[in-house]
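Only one chain is shown below, in structure tokens, and it's the form predicted alone.
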């Protein structure tokens, strides 16, 4: 009885810890509800097949495309674009964001321009990217880059700016030089939140993937989704959407593990 009461308290206590088994059961229940609603709506005939395919139709479509290797070619094409665009963005945004959050002169110089570009819709820039870069992987990578870079920059700058001044001042008393504090003190202190920022913006990269592949692409999950729309192949569209969601979930879990590995004190 006491164990049940303790477990109930952990569920209802803000920020309370719960057993891993309880977390797994809760996630499975939500997934079962979502799949159950889908199955009832499609198999029960409440929604027409041209709008909502039955689950086994999506599975059959996936097996059909995987049997000749076509599906894996499209998956790899999308993964490659997302990884290249995201890594290019992160490699520039992390150090530049640290300097923006640490030095007022860098913030004053860059923040107005960054905030201006950050609010531009990436979709409106796609015709320019095609004109400047041409049709190919470079254009798609550029869409991913512009979709995440400027928001990454602002968020990382905020994380660097939030580092305790007492921590930085204490490092000076221990002999740290002022030009060394950014990498020896500020970066390690902000690293857990920087990884969280990268995890969030990776989700945005997968979102912009569809924008990048809907125009001027001949492979990728966004491409097969657009091609399927023209032929009213809703099962293929659902397959592409589910695969993007699955790949996004895998990348999210990878960042969680990376944070746990690099920053065990912040887990």
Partner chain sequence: MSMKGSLSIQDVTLTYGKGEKRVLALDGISFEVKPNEFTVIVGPSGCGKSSLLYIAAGLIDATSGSILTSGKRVVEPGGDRGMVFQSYTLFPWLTVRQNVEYGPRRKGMPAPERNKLVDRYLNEVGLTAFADHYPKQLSGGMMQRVAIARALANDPDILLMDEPFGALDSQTRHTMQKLLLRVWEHSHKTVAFVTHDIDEAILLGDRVIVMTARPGKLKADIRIDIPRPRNPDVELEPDFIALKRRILNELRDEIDEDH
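Treat the numbers as computed from the prediction; the structure is a model and nothing was measured. Numbering follows the first chain given and starts at 1.
The next section is about a form of this same protein that is not shown, the form predicted in complex with its partner chain.
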(message) I need to confirm a contact call. Of 108, 162, 170, 73, which residue comes within 4.5 Å of its partner chain in the predicted complex, counting heavy atoms only?
(response) 170
(request) Let me know the one among 83, 137, 189, 133 whose heavy atoms come within 4.5 Å of its partner chain in the predicted complex, would you? (result) 189
(request) Would you mind picking out the stretch of 180-188, 75-83, 93-101, 109-117 that comes within 4.5 angstroms of its partner chain in the predicted complex, counting non-hydrogen atoms? (result) 180-188
(request) With heavy atoms only and a cut-off of 4.5 Å, decide whether residue 123 touches its partner chain in the predicted complex. (result) no
(message) I'd like to check something about residue 176: if you look in the predicted complex, is any of its heavy atoms closer than or equal to 4.5 Å to a heavy atom of its partner chain?
(response) yes
